[in-house]
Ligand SMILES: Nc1ncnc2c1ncn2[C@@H]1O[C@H](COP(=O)(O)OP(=O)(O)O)[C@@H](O)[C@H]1O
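The data below hold one chain only, encoded as structure tokens and taken in the form predicted on its own.
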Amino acid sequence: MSVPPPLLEVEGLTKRWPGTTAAAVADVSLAVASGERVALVGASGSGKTTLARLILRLIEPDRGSIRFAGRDLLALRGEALRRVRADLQLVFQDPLAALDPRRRVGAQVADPLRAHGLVPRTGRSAAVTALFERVGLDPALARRYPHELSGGQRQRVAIARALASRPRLLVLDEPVAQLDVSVKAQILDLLERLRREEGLAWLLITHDLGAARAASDRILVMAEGRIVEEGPTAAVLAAPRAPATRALVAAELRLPPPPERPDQPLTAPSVSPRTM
């Protein structure tokens, strides 16, 4: 039986900022299958957020390819790109910054419905109500402004907005980094429920190994712009091979990072693979 192609497939993606010698993202390849939960972890400055912005076409790569649902994402322009972006949505780290402070949150959740022509004007209020209920929010909150909501409520609004276009893949950029422990667990539980109900795949960008353990089946470790280790999440974190992975695990345990071994290669064998 033939294996279906990945939903997202990135090959040789590279990005170098002007005036710098080292690439922010260097020859990165990865794949995410339909319904799969993949975490991309790394220390601050490792290149993971730049990689996410490249995948979403928020910035353009110097070289490499990005295919989504079989289409060459880098070849798309205008209306064709806008249609694909309905299937590929981003949840930001800071929902307060991601939401317009001058507009009610219900109107912002309705934006994808209007932009992608998914629901006629007369049905948008009911659709927003349904989206609020799906993410565990009282629909009455739709009339409030972002500053009137808690951090957890704002992140639920951001998730509702991302779900409005019925995406197939979510890119989650540190979605629980600014939340306290109890709210973090609630948001991760919500995302997992929605993933199962909607058949979503996601790429979770995080430095939090606890979040990666809870919300991924496969993990990619990034350091100095490169993927240095990948594999099943539990296996990689239980026996990390790359120095960068060992340092992340040691930091989680609040231990000093282990010394690098010069005889150990930096890379491990890889496994096969806003509305905007």
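Here the structure is a predicted model, which is why all the values come from computation and not from measurement. Note that residue numbering begins at 1 and tracks the sequence as displayed.
The form predicted together with the named molecule exists for this protein as well; it is not shown, and the discussion that follows is about that form.
Participant: Go through 212-220, 66-74, 29-37, 48-56 and give me the stretch that gets within 4.5 Å of the named molecule in the predicted bound form, heavy atoms only.
Facilitator: Only one stretch qualifies here: 48-56.
Participant: Is V228 one of the residues lying within 4.5 Å of the named molecule in the predicted bound form, judged by heavy atom distances?
Facilitator: No, V228 stays farther than 4.5 Å from the named molecule in the predicted bound form.
Participant: May I ask you to check whether A43 falls inside a 4.5 Å heavy atom distance of the named molecule in the predicted bound form?
Facilitator: Flag for A43 set to yes.
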